Each structure stands twice: as C-alpha cells, then as structure tokens.
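This document opens with one chain alone, in structure tokens, the form predicted alone.
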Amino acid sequence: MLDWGYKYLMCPPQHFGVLYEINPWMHHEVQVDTEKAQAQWQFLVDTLQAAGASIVLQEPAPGWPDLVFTANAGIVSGDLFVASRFRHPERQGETPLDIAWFRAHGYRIEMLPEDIGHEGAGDALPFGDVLLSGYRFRSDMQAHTAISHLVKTAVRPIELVDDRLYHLDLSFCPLDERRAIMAPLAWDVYGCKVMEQLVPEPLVLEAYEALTFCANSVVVGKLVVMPSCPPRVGRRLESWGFSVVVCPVDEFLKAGGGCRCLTLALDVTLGRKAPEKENVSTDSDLSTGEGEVSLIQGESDG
C-alpha cells in the first residue's frame, strides 16, 4: 500500500461553475447543477472519510470557481508547500488564497521562478523515490529542475501530448509501491519509456478507458475511489486485492476535473525507495486483456 493518501485538503464547491474555457472539456454555455455538485462533492468526502482518510477544508472564495480543484494548489512534501504558478489568468488569483491557507497551517512556503508555470499535484505525482512532473498544456518543462531543487527529490519530466488529458493526474494514478493505473495515450514516446521502466506492474488503459477519467482516482490504502470504473479495470484492481468505490462527479467533469482533482494529499513526503522490477513479466505487465501491448503507442508485442 501507499504510505500516503490518508489526509486531504478539499474545498467546498459553493462558488463552482464553468465560467470560462481553459481546457477541451469546458464550455461556458454548459450550466452546472449546483445542488448536484454539492451532493457529489459531499459523497466523495464521506467515502474518503469512511475509508479512513481525514479531510481538511479550505474556505471557498467568490470569483474563483476552480478553487475546488485543490490538487492544483501546489506540491506538498512534509511541512513544505511549493505554490503553483498558473498559466491562465482565470486561475492566478487562487495562488494567494492557497498560500494564505498553508501559511496559516504552519507550512514553509516556496515559490517557483516567476517565468516558470506549474500546476501543482495536478501535474506532479510521486512514485517510489521519484516525482513525475507532467508538462506542456498547463505546466512548463523547465519546472522540473526548479521543483527538484526545492523538494530535494529526483523529478522525471513527462510530456503530455493529448490535450484532453491535459494534467498528469488524468493519466497516472499510483496504487502502491509497484502498481499504477497508466494511460499512455497521454504521453510522448519518451514518457512512455520512462513509465515502462519505472512502474513494475502497470494497469494500462485503453484510450476509451482513459477518457472516462478513471486514472483520476484517489487511493486510500486498498480502496480506489474512482469517478468511473470500466469493467476490465475493475477486474484487474480486484485481482490485485483492491476494492473500488465509484463516486460520480459528473458536474465537475464539465470543468475537466475528477476525484483526484478535488483533493490534495497533505501527508506526502517526497523521496522514497524506488520499486524493483525483478521477476516481473513484461507481457503480463502490459496486458490489456485484448492481447499484449507496448506502452509506446503503435507498437505491439503480439
């Protein structure tokens, strides 16, 4: 099991709405059902708490509808908070609110250089002793060097190539020290090779599965809390000893966010021993149930 993922920062969706368009899922003419959004958010909170996670709340603020997506606030490592630098002006006003919350709760605050953008845990997820950092659509490639310096951890950049999966957390979900849900549709060839070498036992998503946002899940021990769960994905998770709870977040998907987007893990301490790939069959790792495939798109082993 992961040794983090038992304490999360969340923000009530009091002011949530689709008020602008900064990703392919957002259409400002789409109306959010605010009561349904509140109910879905509360069900996610209740599910995480029932699984043994504690939830800490950040106060919502009028005018900042995406503050609800706390994963984008920054990167947490122990008592250190590295605040995000948002590329889009529509979200830049969130940063002072995030900094104020973390400062009030005793965190050390660090900032990236002003000319480098990065959107926090939405584009940065740990696996073993490495921090994976997505870049292109919402974060800059140059961020990985600055982040590595600040958090004192090796950072591996992953280029995102499908704008529908514009954040790393839409295509990668660590499950434990050996396993992760992975959507190679989202990555360039080099990124696929990095992931293939890093993760001993991947659950590789087909394209249609990835676009359900099932990689944008929250893991608490052996429970995987998912916005949706394609049947094959559920069977593989259960075969590995995980339980699955589906928490529909349809209203938040209108803004391009799923379960993990709505949470920021506060109990992460970066820099851990990387898992080994000994005695792991490549064919078994990359099986999708429909023949073995390479993580590199377009290649096949059989």
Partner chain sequence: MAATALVELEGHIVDSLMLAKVLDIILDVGADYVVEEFRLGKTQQDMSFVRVQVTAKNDHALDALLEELQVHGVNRLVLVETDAVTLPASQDGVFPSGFCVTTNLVTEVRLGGVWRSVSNPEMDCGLRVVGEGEGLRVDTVPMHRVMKGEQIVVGNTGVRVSSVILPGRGGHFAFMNSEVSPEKPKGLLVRRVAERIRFARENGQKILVVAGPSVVHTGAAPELARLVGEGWVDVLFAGNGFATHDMEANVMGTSLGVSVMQGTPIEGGHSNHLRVINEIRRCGSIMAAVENGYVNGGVMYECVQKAVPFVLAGSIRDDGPLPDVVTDMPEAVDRMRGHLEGVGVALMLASTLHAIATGNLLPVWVETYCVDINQSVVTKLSDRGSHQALGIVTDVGLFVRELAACLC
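Positions refer to the first chain, counted from 1. Predicted model, so just to flag it, every value in this text is computed and none were measured.
Missing here is the form predicted in complex with the partner chain; even so, the following discussion is about that form.
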item: Options 228 to 236, 200 to 208, 184 to 192, 91 to 99; stretch whose heavy atom lies within 4.5 Å of the partner chain in the model of the complex; value: 184 to 192
item: Contact residue in the model of the complex, from Val220, Leu112, Val155, Ala180 (heavy atom within 4.5 Å of the partner chain); value: Val155
item: Every residue of Glu21, His28 and Lys36 near the partner chain in the model of the complex, heavy atom within 4.5 Å; value: no
item: Contact test in the model of the complex: Tyr135 vs the partner chain, heavy atoms, 4.5 Å; value: yes
item: 4.5 Å heavy atom contact, Asp163 to the partner chain in the model of the complex; value: no
item: Contact of Gln142 with the partner chain in the model of the complex (heavy atom, 4.5 Å); value: yes
item: Any non-hydrogen atom of Arg108 within 4.5 angstroms of the partner chain in the model of the complex; value: no
item: Within 109 to 130, the residues that have a heavy atom no more than 4.5 Å from the partner chain in the model of the complex; value: Asp129, Val130
